[in-house]
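First, one chain by itself in structure tokens, the form predicted alone.
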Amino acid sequence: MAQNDVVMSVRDLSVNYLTERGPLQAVNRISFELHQGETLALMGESGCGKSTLVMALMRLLPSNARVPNGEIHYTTRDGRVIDVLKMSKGKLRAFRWSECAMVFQGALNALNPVIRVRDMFYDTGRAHGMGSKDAVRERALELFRLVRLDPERVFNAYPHELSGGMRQRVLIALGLLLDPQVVILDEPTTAVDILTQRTIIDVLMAIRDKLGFSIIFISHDLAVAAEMADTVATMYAGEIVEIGPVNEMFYRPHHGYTLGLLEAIPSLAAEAEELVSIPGSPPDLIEPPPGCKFHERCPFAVERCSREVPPLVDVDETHRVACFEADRVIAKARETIQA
């Protein structure tokens, strides 16, 4: 992708949480770029920092969080570059939803159960100066059609009158109300059945292509990431350890952790052996181990891995990895994934 189509650039971003034992390093020196129309998937175990990262992008971190270093630059449609971490409260409020929107995990909890869907849209439109109720209603009905909902019925419904998949699509429509350039999705297909998951994936891909926004989404489901994403970033212990095009990441992974995640996917082959899980547990982020944080669980680790932190280096123009033993990982991937 061209360098001049970058809508969000993150450089050297860190986030710590203040705890009784000391600072917990939830996100550590993360850098990436999001391009126009691109879908970026964040993969990794629970607790690896995915949610903290996306909350930091919108400055929605809790009060015990600190950002000791880093930059988040957002480029508007008219070419202005905004430093998100230096925005005033007023400008930040305008940035959220109109430039960058977030669809939170758990549609039932994210929607107000005691007011109708229409009132949530009216409240959001009024808070951001969208204009008359008629304009909000017209935009909402248009979005409901795009996400394959019955516009009139859903607009006047209470959340409890809708199924889980319908509520999830209401949240997606609400996130798109002000036509943002970036939409952040936290587990968009969690807690729904496989058919509803299929519908949500189809809806997201169709409206992204139609409206041209960029997506950052968190998912534990590698099948969803494989289908939706253009770019995949693997996170481990608060760091991006590998990032690259989806096909490269799934068929030529360069990091032992990425390969471990892929090997843990159940196979439909009749002769498939039992699942291979990654041994051990994630490290303590208050007192992380020296060297590569994954070395204690990595089958490719050598003595150097326990002493030195591997830098995130270019494999090529679009693929980067932080691993000293990438060549051995690739060789193993050829044997297992491509067999």
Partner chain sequence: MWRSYAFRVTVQGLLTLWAVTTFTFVMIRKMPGNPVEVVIDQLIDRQQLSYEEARQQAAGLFDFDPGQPLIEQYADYMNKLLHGDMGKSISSAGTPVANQIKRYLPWTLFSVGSGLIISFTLGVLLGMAMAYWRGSVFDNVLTAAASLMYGIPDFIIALLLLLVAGVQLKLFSMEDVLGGVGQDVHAGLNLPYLKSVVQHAALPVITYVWGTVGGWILTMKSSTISTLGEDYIMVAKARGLPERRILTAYVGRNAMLPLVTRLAISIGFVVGGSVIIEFIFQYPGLGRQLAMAIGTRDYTTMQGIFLVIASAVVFSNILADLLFGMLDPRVRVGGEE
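Keep in mind that this is a model prediction, so the values were computed, not measured. Numbering follows the first chain given and starts at 1.
Although not depicted, the form predicted in complex with its partner chain is the subject of the following passage.
Of the candidate stretches 211-219, 138-146, 74-82, 88-96, only 88-96 contains residues with a heavy atom within 4.5 Å of its partner chain in the predicted bound form.
Between the options M55, I30, L312, C305, the residue in contact with its partner chain in the predicted bound form by a heavy atom within 4.5 angstroms is M55.
This chain lacks the partner; the member of M235, L111, L204, L176 within 4.5 angstroms of its partner chain in the predicted bound form by a non-hydrogen atom is L111. Mapping the unseen interface onto this chain, F155 falls outside it, with no heavy atom inside 4.5 Å of its partner chain in the predicted bound form.
Mapping the unseen interface onto this chain, I172 falls outside it, with no heavy atom inside 4.5 Å of its partner chain in the predicted bound form. Taking the partner from the other structure, its partner chain in the predicted bound form has a heavy atom within 4.5 Å of a heavy atom of Q105. In the predicted bound form, its partner chain stays beyond 4.5 Å of every heavy atom belonging to V67. Proximity to its partner chain in the predicted bound form holds for none of L285, E287 and A322, with the criterion being a heavy atom within 4.5 Å.
Of the residues in 193-219, none comes within 4.5 Å of its partner chain in the predicted bound form through any heavy atom.
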